[in-house]
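The data below hold one chain only, encoded as structure tokens and taken in the form predicted alone.
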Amino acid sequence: MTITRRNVLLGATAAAALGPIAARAQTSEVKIGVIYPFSGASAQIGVDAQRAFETAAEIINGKYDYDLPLARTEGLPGLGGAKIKLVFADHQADPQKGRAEAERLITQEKVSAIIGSYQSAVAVTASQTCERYQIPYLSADNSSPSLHRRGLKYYFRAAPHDEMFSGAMFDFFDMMKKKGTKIETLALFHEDTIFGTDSGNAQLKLANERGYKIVADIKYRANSPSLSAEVQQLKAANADVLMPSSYTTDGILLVKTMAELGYKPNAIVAQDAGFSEKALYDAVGDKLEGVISRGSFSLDLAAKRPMVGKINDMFKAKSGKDLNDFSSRQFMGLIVMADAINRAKSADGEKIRDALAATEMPGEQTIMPWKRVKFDESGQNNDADPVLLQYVGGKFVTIFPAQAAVAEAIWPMK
């Protein structure tokens, strides 16, 4: 399925059918651009993201008894009940296409803000375009640490970046070592776009600081047709922990190649991406019992915060699957953006930007295990606490940190 331009208006009244009087009485709508891959190898990511954003828009535009910003009112009360209109664009996992689509959304669709974009490489170009037009860009799920360090005024990210995620991994390693687990050597395996490169650099830095030995540091070409040579290197290195930073298709190829070549590491601790995607576990889940992935969301939270389970049910009705680390961040991205627009009481980019900068959303008013959403001067939320999840019995359970854990880590993996 290829989706290049698609507009979705949720909850809005069909004013044209009601006549000119109703149309004049109706409050305005606020357009938000949503830029994701809807074609190519990452198309399923875009489809799932669309359902996540639609779920958030349904809550914003409707009326729900959730302890979530804008849930209990219809539309944006700060703009007289205006509805959110989502305008979807396909960047095809191409940074230059992302730049062009961001410009189209701003100049032709007249969006007031843009949210994206799965691939961090696309976030680079799309956010630069937004900066040029003074339109806020919110990274819902981009995790490259360099994104918020470019001096952009209109760039924001509510979720953790890979240095924060990697820090949680090494905190976990330190904890396991104190319990007597042998973790001395690590193998880094990362693709060659900004996501993989930044992730590898963050992990290398932390390993040196914490006293872990890197016995393999392998950068491979994204979407490579073969990973046999790389897996042979990993097998020869025989590290205590394999740490992959790979998107879905690469992750599937990696696991299949490992099985073919008889490489079975004691543990895999993954930098999310493909290792949080249902498609990967549908393909090779039988080989990944006990794999650990970092994340910023877990359905375990529903036990303490019942609305998480209810919102998951809404998303599942649209998508056929549970919220995961990506779709949860996408959902929250729209909630955070809509909350800022509501407080700005305006669809003007600069006013929305100022409202985003003033955001202070308690963690209890999100679906995430975060302390809060509050942006620093660079647009990064530093209070988004990561979690580590382990794949056990066909589902993920939270194993770290202790305050969020519902199970002990299984080590080594089966």
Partner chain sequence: MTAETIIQSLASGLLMGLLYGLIAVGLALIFGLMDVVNFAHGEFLMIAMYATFFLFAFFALDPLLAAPLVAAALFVFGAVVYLLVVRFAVRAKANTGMVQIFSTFGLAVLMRGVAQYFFTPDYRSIPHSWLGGKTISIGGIYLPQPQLIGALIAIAAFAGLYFFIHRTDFGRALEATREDAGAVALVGIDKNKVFALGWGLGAALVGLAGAVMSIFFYVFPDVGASFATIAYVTVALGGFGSVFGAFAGGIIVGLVEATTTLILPPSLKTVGIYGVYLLVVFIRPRGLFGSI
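Treat the numbers as computed from the prediction; the structure is a model and nothing was measured. Positions refer to the first chain, counted from 1.
Omitted from view is the form predicted together with the partner chain, to which the following refers.
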One stretch from 275-283, 168-176, 302-310, 78-86 that, in the model of the complex, holds residues within 4.5 Å of the partner chain by heavy atom: 275-283
Proximity of Arg221 to the partner chain in the model of the complex, heavy atoms at 4.5 Å: yes
Any non-hydrogen atom of Ser42 within 4.5 angstroms of the partner chain in the model of the complex: yes
Heavy atom of Ala259 within 4.5 Å of the partner chain in the model of the complex: yes
Lys97, heavy atom within 4.5 angstroms of the partner chain in the model of the complex: no
Answer option from Thr107, Asn238, Asn208, Ser226, heavy atom within 4.5 Å of the partner chain in the model of the complex: Ser226
Residue among Phe38, Phe53, Trp370, Phe375 with a heavy atom within 4.5 Å of the partner chain in the model of the complex: Phe38
Residues of 229-245 having any heavy atom within 4.5 Å of the partner chain in the model of the complex, listed in sequence order: Ala229, Glu230, Gln232, Gln233, Lys235
